[in-house]
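A single chain, nothing else alongside it, follows as structure tokens in the form predicted on its own.
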């Protein structure tokens, strides 16, 4: 028995579950998106659900909002994560404690963070009440709308708070494995700190940062719970919009919900592909 066959045999139980659950659910969703639901009498597949989705103005507004949330959260998280990793790789008093606190919220569920953002940054939250108490604003209602706002500031705050440690841990591990020898050589040849970072360190840590940022982008683009808790009613993020159609009392709306789910999956795959390709081209250039 070859080693490859043994490895395949060991992986078969886990892979079979993944294939059945993921591709099975995807196949069922695809069939329902084509209006094939024999349970409610829909037995003639067609594209009416996709036509309805693509002719709906709210879908395009939701897509723009969802892309804004995912892209902005990913970019801000990457910048802050790299900055934090640059600080944490240095030796200083209390570094272990700071490193522990930096990674602490990795264990905190997203929902807990969303409730925290809601209680702190909403117009009836703690910061609004403190600002009114200290005379900075006339009343809590004058506090800037950071939650349930059309720009999804509260959602982005939550994702940045949660994802910075995730990307930072990966980037920090890369920096520690690379060491500082390459930067020291660049500095000895006359490069400034910024030049050593831009032309030496950044290309070395970029593969790890890219992998982490792709996962963050895919997650934030398809996540439902945070936009549902902190987002505005209109326009809603695409996963929220799909869920509303799926839970509609009219079962005939289910194909539209499934069509949105398939579209979200396809859009995520396409955007991740171009994101990775563009990023790698930028680094090579």
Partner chain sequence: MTHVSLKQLTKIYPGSIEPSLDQLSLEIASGELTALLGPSGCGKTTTMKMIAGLLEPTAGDVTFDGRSVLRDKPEHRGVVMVFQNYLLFPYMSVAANIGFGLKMRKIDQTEIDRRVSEMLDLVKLPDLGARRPSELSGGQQQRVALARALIVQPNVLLLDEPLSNLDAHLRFEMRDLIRNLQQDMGITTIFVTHDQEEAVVLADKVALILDGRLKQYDVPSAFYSRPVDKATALFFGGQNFLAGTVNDDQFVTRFGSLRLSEKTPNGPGTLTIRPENIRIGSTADGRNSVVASLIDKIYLGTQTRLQCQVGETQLQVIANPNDVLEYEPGQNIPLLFPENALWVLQS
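Because the structure is predicted, anything quoted here is derived from the model rather than measured. Numbering follows the first chain given and starts at 1.
If you look for the form predicted in complex with its partner chain, you will not find it shown, but the lines that follow are about it.
With a 4.5 Å cutoff on heavy atoms, residue 186 counts as touching its partner chain in the model of the complex. In the model of the complex, at least one heavy atom of residue 182 sits within 4.5 Å of a heavy atom of its partner chain. In the model of the complex, no heavy atom of residue 211 sits within 4.5 Å of its partner chain. When contacts are judged by a 4.5 Å heavy atom cut-off, residue 200 counts as touching its partner chain in the model of the complex.
This chain appears without its partner; in the model of the complex, the one residue of 137, 86, 80, 191 with a heavy atom within 4.5 Å of its partner chain is 191. Listed residues 76, 204, 131, 145 were compared with its partner chain in the model of the complex; 204 is the one with a heavy atom within 4.5 Å.
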